[in-house]
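Just the one chain here, the form predicted on its own, laid out as structure tokens.
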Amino acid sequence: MQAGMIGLGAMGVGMASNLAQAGFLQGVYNRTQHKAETWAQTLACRHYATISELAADCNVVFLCVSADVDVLEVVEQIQQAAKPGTIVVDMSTVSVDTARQAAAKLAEKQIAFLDAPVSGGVEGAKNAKLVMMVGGDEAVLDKVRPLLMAMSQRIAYMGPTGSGQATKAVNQIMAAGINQAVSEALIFGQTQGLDMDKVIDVISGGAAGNWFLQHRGPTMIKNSFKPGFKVALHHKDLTICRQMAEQKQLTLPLLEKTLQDYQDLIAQGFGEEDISALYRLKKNLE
């Protein structure tokens, strides 16, 4: 099976690179044409000038774009050009409703759709260590599993269309809580005059250990916030989670607190930094 990748942001580039290394990548498309041309040369694949050309040429199309409206616009173009039997795998983080709309639109032309958001950040995308949460037809998943394995360390089938996105929403809410907890705990530790490198090391190996503490803690205490997962993107994702919660008449205080904190960071010009920049806000760093 030959695949095309639409979207070459920080995550898409890593996933495309691993597809190319495994011999599955036919070509790439990106809104910024120069970026697509450059990466096509690097990955020894074809650069497509339009989404329609890529969709017509590939039997598996991967998406990794930023917003719900982008996904639906891309799906519209794929639907008009792709052959029946094509499989579209959306690895963006969008709402359950958007996933279902995309699946229904593509089904009109006998094009299959999987919602397959990922967790693992830029590091996971680069190192093929992503976790994929997949919704859709399990038989379709089985067809593309070898391609997904080229990009991930675990693939979890979650149920019908939209289940992948619903699972990712759980992940994003939990990530917000972990960010809040780690930020506050590290600031507390500093006020106690502790060697924070030692603190991070020992706690990472205990019951309170977690990926975020291990990978972001050392940079947080050095006031370094190079993006792995940007504040603005997590804010977008949590806004989707809020909408989903409201549909079920749920109020999630931690989610609301994190949305407000991220909004403050964005207003201060830190929206493109890693979400660990929440540490800035809690220490009132300049």
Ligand code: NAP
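Source: prediction; values computed, not measured. In case it trips you up, residue 1 is the first one in the sequence shown, and so on.
Beyond what is shown, the protein has a form predicted together with the ligand; the following relates to that form.
Checking 158, 111, 203, 74 for any heavy atom within 4.5 Å of the ligand in the model of the complex turns up a single hit: 74.
In the model of the complex, at least one heavy atom of residue 230 sits within 4.5 Å of a heavy atom of the ligand. Contact annotation for residue 26: none of its heavy atoms lies within 4.5 Å of the ligand in the model of the complex. Proximity of residue 66 to the ligand in the model of the complex falls within the 4.5 Å heavy atom cutoff. Using a 4.5 angstroms threshold between heavy atoms, residue 8 counts as touching the ligand in the model of the complex. When contacts are defined as a non-hydrogen atom within 4.5 Å, none of 177, 256 and 280 contacts the ligand in the model of the complex. Heavy atoms within 4.5 Å of the ligand in the model of the complex are found in exactly one of 233-241, 54-62, 41-49, 257-265, that being 233-241.
Using a 4.5 Å cut-off on any heavy atom, the residues of 97-124 that reach the ligand in the model of the complex are, in sequence order, 118, 121, 122.
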